[in-house]
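Listed next as structure tokens is one chain, alone, in the form predicted on its own.
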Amino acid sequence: MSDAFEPGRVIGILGGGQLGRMLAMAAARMGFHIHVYEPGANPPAGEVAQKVFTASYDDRDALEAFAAGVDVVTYEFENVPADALDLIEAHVPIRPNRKALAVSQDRLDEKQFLNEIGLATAPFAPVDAGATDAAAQLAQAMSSVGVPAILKTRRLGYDGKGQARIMDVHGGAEALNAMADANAILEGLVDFDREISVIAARGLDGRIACFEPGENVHTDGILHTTRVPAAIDRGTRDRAFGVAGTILAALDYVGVLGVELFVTGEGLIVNEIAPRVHNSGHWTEAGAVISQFEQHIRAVAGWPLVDPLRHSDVEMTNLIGDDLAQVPAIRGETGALLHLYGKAEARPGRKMGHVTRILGPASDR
């Protein structure tokens, strides 16, 4: 491909957490150099990057220097300030594009976008928790959406943060207080059989490649395990691929996208999308011929995508907080791929690493 980068070119990553670290490791294997931009000191990705810019996202000089030294910029999290992106994009391409970021930064915009392209979501309604009539807005939203429901901040929040569950019509006041006056969205609870996710990629040439769907189990709002293959039939799998492809094409996307889906008796419902490599795709390191991280680097560097064939049945388990105590035992397991993130301090709810266990040769559901 004429647009493909040769080894030796430089890829910039916004964000220095574990996803940036794993992207940098994949890029290094392919012969690329990585520059990381991260406000926090000593980020996990910094250990495997050629250069780290430690500066805030409002530091124009640092952003200029970062953009001047790279050939393309990607990111490991959605919430990069728009002003920083404006400055960077004046110098260098950003992949995935700004539309993907804008849609995913706001839960209301995301739900509306998904509905506009014909995809089903949970019922929803906006609520301005800081407005003088917030209680009335929430009451109207509960009337249209129904209860139980979840009130979520429209921006920020992950791994269960920024959310308050409303179990009945009397739970609105407490939920509003939890929003701290933020713009919010009320989402109806979905009665689902299981949650699955599809890790999908789209290249510069428009080709789409989807990894096998994984089945997710959460604990306290944080992903605990992803098992592949998911307990779904081929028709559901193919429809999940179609949902991911529809989103990628509508966004003119380049890179890897994570799509979380609820499997229900009425069909697939999109829970949320993530315009980046995704926690539920970590299994690809051990279970497929290519990882999600290499596929993402291939896409943003203009390389052709690889058919992401799965060669093994696997289960990925996150190691969170004190789960690090399991590491000595895991080190002795046959068929267990351990990946630690290099974080200095284990805290409750903090992802410290993951382990992917090979369950056997790839089975076909």
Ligand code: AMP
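Residues carry their position along the shown sequence, with the first being 1. Just so we're clear, the structure is a prediction, and the values are computed from it rather than from any experiment.
Omitted from view is the form predicted in complex with the ligand, to which the following refers.
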Q: May I ask you to choose, among Glu285, Glu78, Asp71, Glu272, the residue with a heavy atom within 4.5 Å of the ligand in the predicted bound form?
A: Glu272
**Q.** Sole residue of Phe241, Phe262, Phe113, Phe124 within 4.5 Å of the ligand in the predicted bound form, by heavy atom
**A.** Phe262
Q.
Against the ligand in the predicted bound form, would Glu212 count as a contact residue? Criterion: heavy atoms within 4.5 Å.
A. no
Q. Even though the ligand is not shown here, does Glu187 get within 4.5 Å of it in the predicted bound form, heavy atoms only?
A. yes
Q) Heavy atom to heavy atom, is Arg165 within 4.5 Å of the ligand in the predicted bound form? A) yes
Q | Arg98 within 4.5 Å of the ligand in the predicted bound form, heavy atoms | A | no
Q: Please name which of the stretches 86-94, 204-212, 144-152, 126-134 has residues with heavy atoms lying within 4.5 Å of the ligand in the predicted bound form.
A: 144-152
Q: Let me know which residues along 207-234 have a heavy atom within 4.5 Å of the ligand in the predicted bound form, or say none if there are none.
A: His218, Gly221
